[in-house]
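Next up: just one chain, as structure tokens, the form predicted on its own.
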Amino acid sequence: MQILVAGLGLIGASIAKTLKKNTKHYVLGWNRTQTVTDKALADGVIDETGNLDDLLSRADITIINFYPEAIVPFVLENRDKFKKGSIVTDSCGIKTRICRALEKESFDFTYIGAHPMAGREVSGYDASLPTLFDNASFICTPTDAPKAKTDTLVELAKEMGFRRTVVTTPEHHDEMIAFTSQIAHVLACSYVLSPLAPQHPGFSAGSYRDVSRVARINGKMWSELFIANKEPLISEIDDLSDNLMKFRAAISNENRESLIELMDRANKIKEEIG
């Protein structure tokens, strides 16, 4: 197949590198900044680039790797340029707002939302890796897509080396991502906003590193992700706040039994779920 990777930042370039490393598909590439496209071509990350209209008309699968707010406009602006019968997907970390907007449209191609579950604390083409998705999960969120098209995308993910593929609804995806990813970034950012954070050298070890790691964050992109998924994320923030207040009350009241009960319950859940 000819696969177009549109957007060659961290995720897009890592997808292109993975396709080149693990599959025999022909990789087309395009980026808004031409110097990035030229570098990807020179590095052998993509097989070919060129005029966007031509690339879209040839691609059996187009993978869009833009910030959340740019995806729907890109698809709609180019709706008549995608190859008929092709699959158009994206790598965005939220799905409901995108999928539900595009399912209202009638296309000559099949749009299927997707989310390759991996990332780094750094961004951009130079941070991309051919191993970024090793043992990662690939989530598909088809709405009215034919099963055969979803199967094609799932098989491609397996071919690329994803350890697990999940097919679910956009809503369930976003609910779970609020818990497994977004709330962790909110927590990490809140944690390092402490006035004591700059004084951590000499006092910190694994716990500090574990909790603060994802505070290294692309604010522009993540602000779009948070707002696009506000209802599930606010629900998780409320749950976290409630649990923090339980710890606060137990500590304030010197209630050791309550503290032990809270920590024992958390420990048991963590042992059961991993």
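Every value quoted in this text rests on a predicted model; they were computed, and no experiment measured them. A residue's number is simply how far along the shown sequence it sits, counting from 1.
Note that the form predicted together with a further copy of the same chain isn't included here; everything after this is about it.
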- Thinking of 139, 213 and 220 as one candidate spot, does a further copy of the same chain come within 4.5 Å of a heavy atom in every one of them in the predicted bound form? yes
- Ok, 233, 27, 40, 61: which has a heavy atom sitting within 4.5 Å of a further copy of the same chain in the predicted bound form? 233
- Task: Find the only residue in 153, 145, 187, 72 having a heavy atom within 4.5 Å of a further copy of the same chain in the predicted bound form.
- Result: 187
- Can you say which of 87-95, 102-110, 199-207, 74-82 gets within 4.5 Å of a further copy of the same chain in the predicted bound form, counting heavy atoms only? 199-207
- Touches a further copy of the same chain in the predicted bound form: residue 158 (any heavy atom, 4.5 Å): no
- Message: Does any part of residue 239 reach within 4.5 Å of a further copy of the same chain in the predicted bound form? Heavy atoms only, please.
- Response: yes
- Can you check whether residue 131 is within 4.5 Å of a further copy of the same chain in the predicted bound form, heavy atom basis? no
- Taking heavy atoms only, is residue 192 within 4.5 angstroms of a further copy of the same chain in the predicted bound form? yes
- Task: Could you list the residues in 165-191 that come within 4.5 Å of a further copy of the same chain in the predicted bound form, counting only heavy atoms and keeping sequence order?
- Result: 166, 168, 172, 173, 175, 176, 177, 179, 180, 181, 183, 184, 185, 186, 187, 189, 190, 191
